[in-house]
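Given next, in C-alpha cells, is a single chain: the form predicted on its own.
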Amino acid sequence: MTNAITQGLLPEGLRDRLPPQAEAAANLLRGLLDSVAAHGYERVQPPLVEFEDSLVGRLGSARRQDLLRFIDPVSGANLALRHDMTGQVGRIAATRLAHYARPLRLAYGGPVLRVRGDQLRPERESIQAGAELIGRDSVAAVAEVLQLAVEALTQTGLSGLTVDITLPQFVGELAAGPWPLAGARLADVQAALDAKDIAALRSVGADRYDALISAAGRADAALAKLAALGLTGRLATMLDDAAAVIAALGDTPATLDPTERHGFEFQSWIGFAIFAAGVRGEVGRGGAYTIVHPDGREEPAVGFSLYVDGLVDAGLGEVKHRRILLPLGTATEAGTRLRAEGWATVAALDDAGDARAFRCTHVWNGVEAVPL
C-alpha cells in the first residue's frame, strides 16, 4: 500500500542524481561520446526495451533471470529492459546496417538496468557509454579500441589507469590440444583456476595447469612465463597477439591473467578490464566477440563499455558555472547578452529573490555583474 513515506523512497539499487552530479553525468557521457566520434565512430540509439528473446539471444551475454521482464500490453509478447547495450548494437549491425562497409564503427550511450546489484556495484541502474568495431577482431582492431577507451577515459580527468588483459579461450584451447585433461572435466578445471586453487587442480589430475596461476601478474612477466611453456600453433599466436596489444598501450600499465573468465562470458580470444586510481570497481570492460546474423553467419567484432556513474562518484564532470541573479525588472536584452557571454541567468520573480539561496555566484546590478 502506498503512503506518504514510501512515496519518497526508491527501490533498492536505484537513486536520484541531483545538482550538480546530474549535470556531471551528462557532461561525462557527452565527452566520452565526443572522444570516440572524433575517431569515426557513429552513434546509434537502440531502445530501452526489446523483445526478451532478442536480448537473451544476442552474444550469449544475458540470461532471462538477469533481465527485468514484463508483458507488452500491445503485442502480448514478453519484453525486457536492457541490462547492456553491446548486444543491441550487434543487432543493429547485423540487420539495419548489414549493408554498410566493414569495419563498421558504432558508438552508443544511455541507461541500462540490472535486476540485482552486487557488493562491489550495488546500483542497478547505470549509464553506459561505449564503442564497437564490427567486422574485425585482429590485433590492429583490438589495439584501436583499447587505445580509444584509454584516451576517452583520460580526457575525463581520470588518472592512474591500468588495464587487466585476459584470454578467455586460452584454457579451452590448452585442454583441446597440448594439455588434455584425461578424466577431468573442463568446467572443474576452470572453476579451480577461477579460485586460484592449486589443490583443487591437483585433485582432478590437472597439475600442469598450476603454471597458469603463477603466470598471472604484470604483463611483461606473465608473457615471459607463458612463453617458457613452449606452446605452439594457435596458443603461441594468441600470446604473440596479446603481447602486441599490450605493447600498443605504451605507458599505460597492464596485467595479464590467462585464466580469468568472470564477466567475459561472450568474449573470444581477448578481453580487458580498465581500472583507475580513486574509483571503486572497474571503469570499463571490453574485448573481442562474435555477432550472429539472422542467416546464421558469424561476424567478428571488438568493443568496450565504459561506466559513467563511477566517474561521477569520483567527482569528475562537474562544471563550475557562472550563475547570476537577474533582479525583477531586468531588461530582456541584458539577460540575452549575459547568456551569450557564458553566464547562466536566474530571473527573480519578485523582489525577495535571494541570490545565495538560488546558488548564484553573482548579482546583476543593472550595469555589471557583482560577485557575492
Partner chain sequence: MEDELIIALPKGRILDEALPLLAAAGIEPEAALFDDSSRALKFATNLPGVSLIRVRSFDAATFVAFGAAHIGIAGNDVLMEFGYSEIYSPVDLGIGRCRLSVAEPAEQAKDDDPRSWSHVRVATKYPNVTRAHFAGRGVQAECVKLNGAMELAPALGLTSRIVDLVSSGRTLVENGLVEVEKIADVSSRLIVNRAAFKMRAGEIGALVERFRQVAGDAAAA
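Residue numbers count along the first chain shown, from 1. In this text the structure is predicted, and so the values were computed from the model without any measurement. The term rigid core refers to the most C-alpha atoms you can superpose between the two forms while keeping them within 1.5 Å.
Below, we refer to the form predicted together with the partner chain, which is not included among the displayed structures.
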Distance check, R114 to the partner chain in the model of the complex, heavy atom within 4.5 Å:
no
Considering only heavy atoms, tell me if F266 and the partner chain come within 4.5 Å of each other in the model of the complex.
no
May I ask you to check whether D194 falls inside a 4.5 Å heavy atom distance of the partner chain in the model of the complex?
yes
4.5 Å heavy atom contact, R297 to the partner chain in the model of the complex
no
Residue among E173, D84, D164, E144 with a heavy atom within 4.5 Å of the partner chain in the model of the complex:
D164
Assert contact residue (the partner chain, in the model of the complex, non-hydrogen atom within 4.5 Å, options G278, G205, G157, P178) equals G278
If contact means any heavy atom within 4.5 Å, which of 70-78, 84-92, 212-220, 130-138 contacts the partner chain in the model of the complex?
212-220
Restricting to 101-138, the residues within 4.5 Å of the partner chain in the model of the complex through any heavy atom are Q119, L120, R121
Superposing on the rigid core, I want to see if D207 changes position between this form and the one not shown - specifically a Cα shift of 2 Å or more.
yes
